[in-house]
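Here we start with a single chain on its own, the form predicted alone, put down as structure tokens.
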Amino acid sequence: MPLQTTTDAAELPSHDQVSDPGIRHFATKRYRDSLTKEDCLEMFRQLYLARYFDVRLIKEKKRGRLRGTLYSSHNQEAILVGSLFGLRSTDWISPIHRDMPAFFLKDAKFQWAELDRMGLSIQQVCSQVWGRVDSPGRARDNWSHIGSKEKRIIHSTSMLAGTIPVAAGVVYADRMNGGDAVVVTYNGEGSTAQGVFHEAVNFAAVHKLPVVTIIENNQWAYGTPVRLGCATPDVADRAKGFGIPGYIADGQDVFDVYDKVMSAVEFARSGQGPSIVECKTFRAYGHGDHDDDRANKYRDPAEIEHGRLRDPIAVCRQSLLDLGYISAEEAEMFIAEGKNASEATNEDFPPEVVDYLNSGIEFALASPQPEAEEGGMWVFKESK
């Protein structure tokens, strides 16, 4: 397979054109053509699931049943679903704070409730959010600072890009042990300005390690616009400096994300090394729910409206209509797009999605909090 890099910068969307339909992308292959009708419908369901997780948690917090900061993945669900769907169960992932659904979407294809699959259960993830004893972090944090060696999920940190060297080490060890696993790391566009990003990607490139670095370019690194953090027209242009592929995906189109990530995954699995996949999207809310009011001031309302114009659920629905996988009547069911958490209701989502998340929330609320004596656990090495 020849080395692929981004196309000429003049042919690519500018920072202000991220949400326009019809922008040019490229991939070495249309992997979506190998998806079955059932696969496509499952990806559609997973988009609803990721959105409902976000909507429901915001509602629970407003009802006073949940504490802690929430980091929304609203409007970015296609990146998670499209990138995870084609992975093998033996592959590793390294999510970040805006990727909470990734913890239960990993290896979830057609087996959401299967406890033995290579991903966290919805009960574990909800227990983490509610700070209960059954959570992976045992109430040390309510959000995404969790992981599982058993499930092949690298623990996330607040220092974005800081887990890329960890990911490189994980698959380096896997290769030395005769494995063929790929690791997919998730990062914001702002993290690509950090030294650790460049050091880690360079290390992976030199050693041809199977590291796929996804850049969720949602145009804002907290309160810093991408134009003040990256001088190149596209973040994927950074790949040229490492001599590796730099793919650009429409982050609102789950099938385009799938194509580009699978291109990078197969490139990596074949022993040719890492890639960068920039997924162009837009952050629907503030950095976290603590930042929502301030974000409405440092971002132009017209920019927010434009950035949310192409909802991933609506884009996928139209693709399924075009393929003949759903009827016009079915397309009119469950209209969740274009609605904030305060506007969306359970009727906007498929019943199986609502029931699945209910099972996780009910489990978490019934689970006790850890004993106070656990406070020192994992802080120091315990003697036998």
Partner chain sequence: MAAIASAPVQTKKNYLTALKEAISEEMAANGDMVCLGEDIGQLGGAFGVTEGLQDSFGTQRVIDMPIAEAAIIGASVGLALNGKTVMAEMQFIDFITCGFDQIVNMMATYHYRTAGEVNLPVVVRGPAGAYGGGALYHSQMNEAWFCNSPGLRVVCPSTPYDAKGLLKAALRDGNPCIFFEIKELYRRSEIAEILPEDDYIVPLGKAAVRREGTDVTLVSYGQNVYHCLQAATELEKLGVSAEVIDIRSLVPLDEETIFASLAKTNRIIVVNEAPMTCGFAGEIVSRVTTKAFDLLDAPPVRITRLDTPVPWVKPLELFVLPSVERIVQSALQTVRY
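Residue numbers count along the first chain shown, from 1. Since this is a predicted model, take the numbers as computed values, not measurements.
Omitted here: the form predicted in complex with the partner chain. The next part is about that form.
- Looking at the partner chain in the predicted bound form, residues G86, D253 and L309 place no heavy atom within 4.5 Å of it.
- For the chain shown alone, S94 is not a contact residue for the partner chain in the predicted bound form, no non-hydrogen atom being within 4.5 angstroms.
- In the predicted bound form, no heavy atom of D180 sits within 4.5 Å of the partner chain.
- Proximity of Q128 to the partner chain in the predicted bound form: non-hydrogen atoms within 4.5 Å are present.
- Among residues of the shown chain, K149 is not one whose heavy atoms approach the partner chain to within 4.5 Å in the predicted bound form.
- Here the chain stands alone, but in the predicted bound form its contact with the partner chain, taken as any heavy atom within 4.5 Å, falls in 186-194 among 310-318, 210-218, 271-279, 186-194.
- A single residue from the set G241, P233, G288, P225 has any heavy atom within 4.5 angstroms of the partner chain in the predicted bound form; that residue is P225.
- Contact with the partner chain in the predicted bound form, judged by any heavy atom within 4.5 Å, is made by just one of A173, V206, A302, M159: M159.
- Contact annotation for 354-374: residues with any non-hydrogen atom within 4.5 angstroms of the partner chain in the predicted bound form are Q369, P370, E371, A372, E373, E374, listed in sequence order.
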